[in-house]
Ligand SMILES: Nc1ncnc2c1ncn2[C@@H]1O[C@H](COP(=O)(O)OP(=O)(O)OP(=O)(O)O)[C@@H](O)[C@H]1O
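Taking the form predicted on its own, here's one chain by itself in structure tokens.
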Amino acid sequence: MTRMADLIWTFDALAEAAGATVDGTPGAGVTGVSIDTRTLAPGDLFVALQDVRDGHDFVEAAFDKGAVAALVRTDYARKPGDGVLLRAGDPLAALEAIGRAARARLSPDARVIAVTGSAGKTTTKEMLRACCARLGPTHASEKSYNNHWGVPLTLAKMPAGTRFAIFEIGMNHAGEITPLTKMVAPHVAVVTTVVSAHLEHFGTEEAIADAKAEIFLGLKPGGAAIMDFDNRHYARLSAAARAQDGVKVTPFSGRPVGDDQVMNPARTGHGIVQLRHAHEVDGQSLVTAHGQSYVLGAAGAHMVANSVAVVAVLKAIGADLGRALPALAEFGAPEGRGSRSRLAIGGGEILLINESYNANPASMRAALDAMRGIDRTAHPRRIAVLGEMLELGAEAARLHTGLNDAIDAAGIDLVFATGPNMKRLFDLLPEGKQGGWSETAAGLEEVLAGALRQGDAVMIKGSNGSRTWQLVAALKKRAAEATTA
């Protein structure tokens, strides 16, 4: 039985927010919002969006799985078994309206944070979720729900009693962030970094920086803009932020500096939230930043930098750092973004570092750099499995071959690669480092598995379209079969 305390919307409030007509006899309300019948839970409102597939084709399945209502087009023809229908001219526009209503009903004491950037969005968002949950009721985007339907969906699911709300906002083209950040209306907006990603659509990094800076357009007056002081586009981003009403710019730096450098004139007066020290121990990082020492349950300079951005955000919202930051000790890198596991493969146990969710030149370099911290005693060989980096346009070949120095600096012993541009990089490597190349990720499975030995540290990374996640799944399947054999 649904309790009123479980409801995130009553039907009256939901219909008013959506501007929808109620068709049927409504109950108390809804406990969730879903656009996917595969993950729909009993008590959810199902929103029939038209995207790759038309959600109206799944209304029946939604009710079969326990949806208490469906938000549909005005002209949708009721079918046998349909329950309560909320009818609107455009379900996506209605979902956006629900999202704006959810944002408007938050307490004035609530704090809303929006995160974008070329890399590190989801990791930073998840770190913030963990820290803020120590301070009060917290709501955040699921997975990487950061686009034109993911942001309003996250807003629509936000309980009225939320104290901290964290939203990830992404883009592939200019103009996409603007309506989303205005919908979210954050008190704090974060740009984790700007690097060569989506060059196919933008042409230059400067254009990417301008598109990321759109996030500041939604900031509440007097809000805070958080950005990387060491990024080459800092001045551009800072100027865009300062153009907004009363916005305070708070830079952070994930680059460690010694005591003699802290008062460097170039940094004086910027109020930088500065990394002072980071040391990796057994896959964790011991970090000191902004006068706070904390344990981060993930390794790699990029992970540490993300945590420093989190410190800057917590400082901007006036959070108790002593209460919030201990949550990072329990933080593990999200699946596909540096998560680590030990697998029984190759006649022993290997360390698998799963970076397969996505890739651009900067995140690829960061993942390779993180391999430098792998203990050679426990893991004598460092193996990199590299998939194609997509959407790089005319610069694709150069940006792939340009990873050669990062491979050397990381002390990578063996490289496996997939995709035509990664073939260019693979061909530059000394023969002793060439583990294998295939046009597709699936084509690497057998040669990779056959090459693995006890103690190997294996990092797998590539853009989603390169499907390197298939190799992660294949290795985990082999390990499970070896364990149960």
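For every residue, the number given is its place in the sequence shown, counted from 1. Every value quoted in this text rests on a predicted model; they were computed, and no experiment measured them.
Omitted here: the form predicted together with this ligand. The next part is about that form.
- Looking at residue 414, you'd find every heavy atom of it more than 4.5 angstroms from this ligand in the model of the complex.
- Shown alone here, residue 337 lies within 4.5 Å of this ligand in the model of the complex, counting heavy atoms only.
- Contact annotation for residue 362: at least one heavy atom lies within 4.5 Å of this ligand in the model of the complex.
- Contact between residue 274 and this ligand in the model of the complex is not found at the 4.5 Å heavy atom cutoff.
- Against this ligand in the model of the complex, the set 117, 122 and 144 is in full contact: each member has a heavy atom within 4.5 Å.
- Only one of 215-223, 152-160, 329-337, 180-188 places residue heavy atoms within 4.5 angstroms of this ligand in the model of the complex, namely 329-337.
- Of the residues 229, 357, 294, 202, just one reaches this ligand in the model of the complex with a heavy atom at 4.5 Å or closer; this is 357.
- Comment: this ligand is not present in this chain, but in the model of the complex one of 289, 112, 366, 95 has a heavy atom within 4.5 Å of it, namely 366.
- Contact residues in stretch 297-333 (any heavy atom within 4.5 Å of this ligand, taken in the model of the complex) are 302, 306.
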